[in-house]
Each structure stands twice: as C-alpha cells, then as structure tokens.
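What follows is a single chain, given as structure tokens, in the form predicted on its own.
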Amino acid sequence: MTYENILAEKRERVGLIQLNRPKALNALNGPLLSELAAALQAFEADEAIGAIVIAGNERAFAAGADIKQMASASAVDMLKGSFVELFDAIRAVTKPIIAAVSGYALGGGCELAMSCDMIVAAESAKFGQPEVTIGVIPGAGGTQRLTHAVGKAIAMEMVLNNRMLSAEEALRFGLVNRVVPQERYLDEALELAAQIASRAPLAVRLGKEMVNLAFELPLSQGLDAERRAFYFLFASEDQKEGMQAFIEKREPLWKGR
C-alpha cells in the first residue's frame, strides 16, 4: 500500500512502521491511525515477519492527538468517529511490537507507545499524559496501562498534574525496557526486534499472550492458562526441533508450526 502519514518497510524479518507527520510532531489523527492499523494488519498476515517496530523521528515519537481534529467534536462525534477504537488494532496483533521512542511521547503518543509490548527509549525521550490541561483525561489506555507500569502514585501525578517523565525516570519506574543514546534508539529497537523474530514463532506468540493475561486474570487462572499453553506447544514441530537442536548442539530451524 501507499501511505500518506506513515512509512512502512521490511527489514528482513522485522516490519518497521514510522509515523510521518513531522510538521505536526507526528500528532495522531484518524488518517494516521487508520494507516497504522492497515500496516499492522499487513505485517500480522505476513509469515515472513516475526516482530514489528513502531517509531517516530528524533524530535517526536508522537506529541499527542491532533487537537484541531477533536476541539469541536461532540461525544457522539467521538463515538462515531472510532478514533480511540483504532488503538484496538494494536492490541489485536499477535506478533511482538516494539516502540522506538525519541523526543516527545505525550498524550495519545504515550498511549501508543504503551500499547506496544516493549519500549526502547532515546535519552531525549519524554513521556506524559497532559490531557488534563485541555479539559479531558486519557482515553486510549493512559490511565490503565500507565498505572500498571509505574504504579498509582506516579500515574496519579502524571494524569492529574501533567508530570512528565524523562527517559531515565521511565526506566526506573518500569515504563521502558532500556535507554540508549539518541543516535542508537532506532537501531537498538530493530536489533531487539530481530532477536525476537529469530525465536520460535509459536512460543513467542503464546509467551506474549500469557504475559498480557497476567494483567487481566487472577493468579490461579493465569497459572492454569500458562500451563495449558505450555502443554500445547508440545504438539508443535518447533518444540521437537528446538529440543533436538539443543541436544545436538546446533541452531534450530523454526517452521512456525
């Protein structure tokens, strides 16, 4: 597909999506999110892709939603427009998604990064949920995912008083996986994605699913689900190949089945 608001390409087994509204600091609007959803669906359907990276540019990952698009909207307009619902396209992807964040990740941009499975941050990264300053609250996971990541106290300050986290604070509070020099942030994310894409596809898919379930199920139910997934993988060719390769001291050849 030809996109107007994003760039999408393959880097061997990694799908790379770059938000491409630089004059608007990659502010999220309906067309951009629709294109992002389409690109994610295409990479999800491509068996040659094992992991996905979403990035912005050095100045901004995404500096929030496009306020001009929403300023005069009614509640019914927002409901019919399905703007927030477009974030569900990220949640539907079974392959690991890594956010490569440099500069501002604010409002919807922070929510987009948190919707991914992992975050690699440049030293310049800034994370925030400033919606309270324009009379609303986060609506695409900002109050929920943020609280799971950084805890109630910090999340309250960010949501209620526009506290912004530096990259190092985000690392300390558990919001991001690692912080690297700005010139390395995209390469670092691509390398992490390539490493994950080299693993057994079914194990990666179920591992992601089980970690996400840990935030939704009581411990006893989560343990039951994990055990079933563990047993299920013994019906796969990859389990036989992986264990035999370990015994024979060679690299496994994954088939994803």
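Quick note: we count residues from 1 along the sequence shown, nothing fancier. As the structure is a computational prediction, the values presented were derived from the model and not from experiment.
The form predicted in complex with 4-(N,N-dimethylamino)cinnamoyl-COA (DAK) exists for this protein as well; it is not shown, and the discussion that follows is about that form.
Here the marked residues Arg59, Ala65 and Ile134 all reach 4-(N,N-dimethylamino)cinnamoyl-COA (DAK) in the model of the complex, each with a heavy atom within 4.5 angstroms. Residues within 4.5 angstroms of 4-(N,N-dimethylamino)cinnamoyl-COA (DAK) in the model of the complex, judged by any non-hydrogen atom, belong to 66 to 74 and to none of the other stretches in 40 to 48, 204 to 212, 66 to 74, 221 to 229. Residue contact check for Gly151: none of its heavy atoms lie within 4.5 Å of 4-(N,N-dimethylamino)cinnamoyl-COA (DAK) in the model of the complex. 4-(N,N-dimethylamino)cinnamoyl-COA (DAK) is not shown here, but in the model of the complex it comes within 4.5 Å of a heavy atom of Tyr104.
Interface residue remark: Ala140 is counted as part of the site for 4-(N,N-dimethylamino)cinnamoyl-COA (DAK) in the model of the complex, having a heavy atom within 4.5 Å.
In the model of the complex, Val84 approaches 4-(N,N-dimethylamino)cinnamoyl-COA (DAK) with a heavy atom inside 4.5 Å. Checking Ala27, Ala55, Ile196, Leu190 against 4-(N,N-dimethylamino)cinnamoyl-COA (DAK) in the model of the complex, a heavy atom within 4.5 Å turns up for just one residue: Ala27.
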